[in-house]
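Just one chain follows, in the form predicted on its own, and it is written as structure tokens.
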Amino acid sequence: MSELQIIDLGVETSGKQVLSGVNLRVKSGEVHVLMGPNGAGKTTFANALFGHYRYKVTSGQILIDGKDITDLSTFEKARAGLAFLMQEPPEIPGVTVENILLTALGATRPSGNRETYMSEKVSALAAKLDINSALLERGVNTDASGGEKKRLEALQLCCLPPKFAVLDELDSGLDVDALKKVSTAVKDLVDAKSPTGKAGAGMGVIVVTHYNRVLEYLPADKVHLLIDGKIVETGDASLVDQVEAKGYGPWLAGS
């Protein structure tokens, strides 16, 4: 079992301190939800975790299995087991989805029917996410709708499952059917067992969201409310219902 620890994290951007003293601990196979009003620092948290150059960590640590990855490059954080599904995935013209996935998979399976294995795996996962094969032949996210970009991001996640993933507004741009497929695919990674059949070895997830609809298919183990750059309350999934019923007013009043 792996563990992602975020200890006393402080982050600034454009010279402004946005996050202060944020603490989270996510274990393999857990789904944590981060909610909060606009401007609370949710996207700052996600970007800082993955090393975006515009977000400077001013205090604290980010650890995976006890290893400090705070100051590693984005590439090195990915190799350490951290993935980030962005709210607005970038377009990469000239590099096809199929090529980038087959190349990455080839690096993880260096021998033994490699090409057949890779092609079959990509095709099966694309079908599971209802991704048209023609989309795989385009440049990454090029001329794709918001929903198609999210499906392609999910495909990359499924092909190369990390230890932990931060999903920034996974439900953005997805209709009901697409959301169910993408969320279910992520849940399968969360519920995955070890090669020996032991439960609790799946991917750990932090879902950054405004709404509870994604949680219908990806149930939360813990919910955290982020207000003015600080986590002000942590609870189980019922905390989402309280937010839906009352809004953030009660917590804003106490912040």
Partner chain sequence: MPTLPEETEFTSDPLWLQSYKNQAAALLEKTPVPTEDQENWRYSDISNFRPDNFKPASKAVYVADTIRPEFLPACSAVIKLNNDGYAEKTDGGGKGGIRVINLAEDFDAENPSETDFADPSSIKDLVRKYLEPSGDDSFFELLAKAFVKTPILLYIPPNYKAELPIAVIHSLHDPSVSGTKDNLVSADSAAGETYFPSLVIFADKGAEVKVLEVLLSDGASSLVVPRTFCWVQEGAHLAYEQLQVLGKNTQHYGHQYGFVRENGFLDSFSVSLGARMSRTETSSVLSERQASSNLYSLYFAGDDQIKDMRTYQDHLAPHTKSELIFKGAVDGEARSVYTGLIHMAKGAVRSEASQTNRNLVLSEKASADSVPNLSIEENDVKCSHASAVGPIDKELSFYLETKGIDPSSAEKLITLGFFRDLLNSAPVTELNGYIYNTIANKL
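Positions refer to the first chain, counted from 1. Remember, predicted model here, so these are calculated numbers, not experimental data.
One more form of this protein, predicted together with the partner chain, exists but is not displayed; see below.
Query raised in the report: Is there a heavy atom of Thr209 no more than 4.5 Å from a heavy atom of the partner chain in the predicted bound form?
Result: Close contact is absent here: in the predicted bound form, Thr209 is far from the partner chain, nothing within 4.5 Å, heavy atoms only.
Query raised in the report: Quick one: is Leu129 in contact with the partner chain in the predicted bound form, heavy atoms, 4.5 Å cut-off?
Result: No - in the predicted bound form, heavy atoms of Leu129 and the partner chain never come within 4.5 Å of each other.
Report task. State yes or no: in the predicted bound form, is some non-hydrogen atom of Gly51 no more than 4.5 angstroms from a non-hydrogen atom of the partner chain? Result -> Taking the distances in the predicted bound form, the answer for Gly51 is yes, it comes within 4.5 Å of the partner chain.
Query raised in the report: With the cut-off set at 4.5 Å between non-hydrogen atoms, does Cys158 touch the partner chain in the predicted bound form?
Result: It does not: once the partner chain is placed as it appears in the predicted bound form, Cys158 has no heavy atom within 4.5 Å of it.
Query raised in the report: Is the partner chain in the predicted bound form near all of Ser20, Arg25 and Thr58, within 4.5 Å of a heavy atom of each?
Result: Spot residues vs the partner chain: no contact at all.
Query raised in the report: Pick from 168-176, 120-128, 181-189, 137-145: which stretch has a heavy atom within 4.5 Å of the partner chain in the predicted bound form?
Result: Going by heavy atoms within 4.5 Å, the stretch is 137-145.
Report task. For the heavy atom contacts within 4.5 Å of the partner chain in the predicted bound form, list the residues of 85-102 involved, in sequence order. Result -> Contacts from 85-102: Met86, Pro89, Pro90, Glu91, Ile92, Pro93, Gly94, Val95, Asn99, Ile100.
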